[in-house]
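Okay, so here's just one chain, in structure tokens, the form predicted on its own.
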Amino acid sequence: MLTIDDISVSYRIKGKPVPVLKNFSLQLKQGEVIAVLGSSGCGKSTLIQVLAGMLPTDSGTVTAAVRGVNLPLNPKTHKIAVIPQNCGLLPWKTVRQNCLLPLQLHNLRIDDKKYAELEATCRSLKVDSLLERYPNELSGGQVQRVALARAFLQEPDLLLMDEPFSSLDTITRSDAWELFLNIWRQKQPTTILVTHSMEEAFYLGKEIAVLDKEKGGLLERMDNPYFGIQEPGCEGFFHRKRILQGLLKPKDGGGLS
């Protein structure tokens, strides 16, 4: 169980605190995946940074289970994998080296079993033939799949994804969604996916959460019966989509981001 309890986060701009998340709370069961939507500036990426341990909170707590025991969420005690929007591959390292880097940084043993897992994971994501290439030799879709391989190879307790598919074209993005789901179903890490796409949220989120910029908190949370179904094309789907469109309708002229 991941429990975000009443956290508040602000940035300092010209010496003054500007609140982003205000008394925000969310619970997520172990092995679930939730898609997070919201307008620009509502705190989606801020939430990812807090959970990744990159940004402190002003108040509140975040805890997650480790072997059945709830502990304060911390990269030192929890295995947390992050896939940022730019995928975060180091250009001077090969695909193989990029995939193994998080394990090396955590001083984890890389044995024959782990090398075999690397090969299998990359094979599942169709990048096993690219292990000796460098990021600048890859297409956008290949870079994104390598980032997925690197994340899943860590066997994370928590997987954080900050719009990782947003730079892909429609066909490549659809393929990437399917590959992600295939390997997610095998590993099932607790996952938070930040996205600006309702279609992506419906396909990849077992639940969908909408953040509100004015409240700085959760506006709506709904179950998603269309998880893993591309283009459901039924009235129930279109009804839920209309509800989401209403929730995401900008109040200040800003758009969905």
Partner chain sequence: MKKLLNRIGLFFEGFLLINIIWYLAYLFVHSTVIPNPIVVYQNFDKVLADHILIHILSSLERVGLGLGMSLLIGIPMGILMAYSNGANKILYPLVYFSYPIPKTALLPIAMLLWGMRDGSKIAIIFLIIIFQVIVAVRDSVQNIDPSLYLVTVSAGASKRQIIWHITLPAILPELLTSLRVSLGTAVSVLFFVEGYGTRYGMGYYIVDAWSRIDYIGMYSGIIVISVVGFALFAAVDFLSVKLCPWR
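Residue numbers count along the first chain shown, from 1. Keep in mind it's a predicted model, so treat the numbers as computed, not measured.
Another form exists, predicted in complex with the partner chain; not displayed. Remarks below refer to it.
S.K.: In the predicted bound form, which of the stretches 182 to 190, 122 to 130, 164 to 172, 73 to 81 has residues with heavy atoms within 4.5 Å of the partner chain?
M.R.: Among the candidates, contact is made by 73 to 81.
S.K.: Taking the partner chain in the predicted bound form as the reference, which of A52, M222, I229, A65 has a non-hydrogen atom within 4.5 Å?
M.R.: It is A52.
S.K.: Of the residues L153, A176, L89, L138, which one places a heavy atom within 4.5 Å of the partner chain in the predicted bound form?
M.R.: Selected residue: L89.
S.K.: Although the partner chain is absent from this view, report whether Y134 comes within 4.5 Å of it in the predicted bound form, heavy atoms only.
M.R.: Although the partner chain is absent here, Y134 would touch it in the predicted bound form, with heavy atoms inside 4.5 Å.
S.K.: Test of understanding: in the predicted bound form, would I110 fall inside 4.5 Å of the partner chain by heavy atoms?
M.R.: No, I110 stays farther than 4.5 Å from the partner chain in the predicted bound form.
S.K.: Do K114 and the partner chain share at least one heavy atom pair within 4.5 Å in the predicted bound form?
M.R.: Output for K114 is no: heavy atoms all beyond 4.5 Å of the partner chain.
S.K.: For a quick check, can you give me the residues of 95 to 118 that have a heavy atom within 4.5 Å of the partner chain in the predicted bound form?
M.R.: Read in sequence order, the residues that approach the partner chain (within 4.5 Å, in the predicted bound form) are L101, P102, Q104, L105, H106, N107.
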